[in-house]
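Next comes just one chain, in structure tokens: the form predicted on its own.
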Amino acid sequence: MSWEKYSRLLFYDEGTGLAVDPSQAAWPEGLLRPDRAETRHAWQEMMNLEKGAIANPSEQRMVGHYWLRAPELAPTAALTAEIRETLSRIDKFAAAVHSGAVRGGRGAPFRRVVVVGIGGSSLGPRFVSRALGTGADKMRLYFVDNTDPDGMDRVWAAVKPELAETLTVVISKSGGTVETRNGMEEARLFYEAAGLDFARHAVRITQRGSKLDAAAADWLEFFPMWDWVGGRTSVFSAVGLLPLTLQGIDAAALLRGAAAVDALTRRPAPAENPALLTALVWQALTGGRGGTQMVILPYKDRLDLLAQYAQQLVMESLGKEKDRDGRVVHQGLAVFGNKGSSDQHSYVQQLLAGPDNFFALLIEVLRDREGESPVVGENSTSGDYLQAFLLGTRRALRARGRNSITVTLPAADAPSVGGLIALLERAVGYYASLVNVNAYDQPAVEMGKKSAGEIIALKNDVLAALNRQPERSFTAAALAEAVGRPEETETVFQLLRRLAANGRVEGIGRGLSGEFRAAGGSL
């Protein structure tokens, strides 16, 4: 590759230090022309979005997560005031917790925070917490982000010795998310078992008037979620900013970094707009169709959760059965990844020698650490080697005809991390416009929730049938017949096998012909 091509295609902004290098990807001449109709259309849609256009027609709502870092852009003065008021209340509450003005039920100051939430209510805060945390943090965050009992037990074991000094933040927009409800109830029972009043240790982040809001009116504090902020883009709302501010992270710097990159991504010319540039190259590399994978490799330990965060942001936004015209397209962009250079020793082998069904997004951070680094070999520091592995991977991918894009940040600090999140959010929005899907709804997510609810109801019917005849032994087939669901024999067997493993029914036999009955005659 020539220096002329690299310098001509590189996007670089001196103010933020952000650079996007698409020169290692193959895309057609003329892709970045600002007068292309689909490019102009995507840019205009983004501008309309920021002005308050209805972006989610199925729910008739605006999409305004960009206003969270620029409240003055909100379409009404009332929204601007509410965003600013919420930011102020977050700062004041965190300051009161840090100073000891807000304390737990036994009068102990809070030293740690358990965050109960799932999906966007956890992935963004966890990513930023890991990226920006230091040994000088004011509080330590723990996350309950699944309905796995063992996973929750690990969190409870970690905080149990200082439970009186532990604040719990429960995050659910509707208050009806089952996994979050379960985490909240387990937390409440855990506090009560220790003789503590959960309400004196709990904060809710939810929509006004939600189930959670109504059930938690006596908790320490309430912070709002808005219907115009989706979970996967909520990290700059109270969802992320409250726990991160409690941790001691500079939320104002995060917001400044995101707002600065947002400003860059309002430029109509793709060569001057890093998100539109990125989205257009993505479109060229995917052919505008689903099936291609994006491998994210951040060469910085602090960014090791970036791929997990980006999976929801990208795949929930772009994975759609139909486009906005109702045509079946099965659109999407699969995301996986971990950190470099660890992956020089794992799946980079397949990237170089396996199927060519991906492109790589490499994340470079220029500043190695605070202070100087020692020379460890060959007149080089550890950071020199880290860059060498990144550049070596780029070179090897190019030699094999594999595509990559490199994003460079000046440091793994709050402004840069905020800017990186903004870049990805905006690129996803632009890409959705380019391939004509709605990035802001997620109808398929509800299918899994509905199916889970049906299985819970079936499990309860099975337990009730066993309890009605505690002395009788049933095969899975007989029990499915007894509850009027013979077509669900396989599911009934799977339910019984797990219930038996947890002592809730007695299982006789290990195979498919095993028999089951109520444990101890009472369930």
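Position 1 is the first residue in the sequence shown; the rest follow in order. Note that the structure is a prediction, hence the values are computed from the model and not measured.
Unshown form predicted together with another copy of the chain; subsequent notes refer to it.
Asks: If you check 86, 387, 403, 436 against another copy of the chain in the model of the complex, which one has a heavy atom within 4.5 Å?
Replies: When another copy of the chain is considered in the model of the complex, the option within 4.5 Å is 387.
Asks: Though another copy of the chain is not shown, can you say which of 498, 468, 51, 33 has a heavy atom within 4.5 Å of it in the model of the complex?
Replies: It is 498 that has a heavy atom within 4.5 Å of the partner.
Asks: Could you tell me which of 199-207, 278-286, 342-350, 88-96 sits within 4.5 Å of another copy of the chain in the model of the complex, going by non-hydrogen atoms?
Replies: Single hit among the candidates: 342-350.
Asks: Indicate whether residue 80 is a 4.5 Å heavy atom neighbour of another copy of the chain in the model of the complex.
Replies: Residue 80 lies outside the contact set for another copy of the chain.
Asks: Just to confirm, residue 449 within 4.5 Å of another copy of the chain in the model of the complex by heavy atoms?
Replies: Heavy-atom contact with another copy of the chain at 4.5 Å: present for residue 449.
Asks: May I ask you to state whether residue 244 is within 4.5 Å of another copy of the chain in the model of the complex, using heavy atom distances?
Replies: No.
Asks: Is residue 152 one of the residues lying within 4.5 Å of another copy of the chain in the model of the complex, judged by heavy atom distances?
Replies: Yes, residue 152 is a contact residue.
Asks: Report yes if all three of 58, 65 and 222 come within 4.5 Å of another copy of the chain in the model of the complex by some heavy atom, otherwise no.
Replies: No: no residue has a heavy atom within 4.5 Å of the partner.
Asks: Would you mind checking 42-73 for residues with a heavy atom within 4.5 Å of another copy of the chain in the model of the complex?
Replies: Heavy-atom contacts within 4.5 Å come from no residue here.
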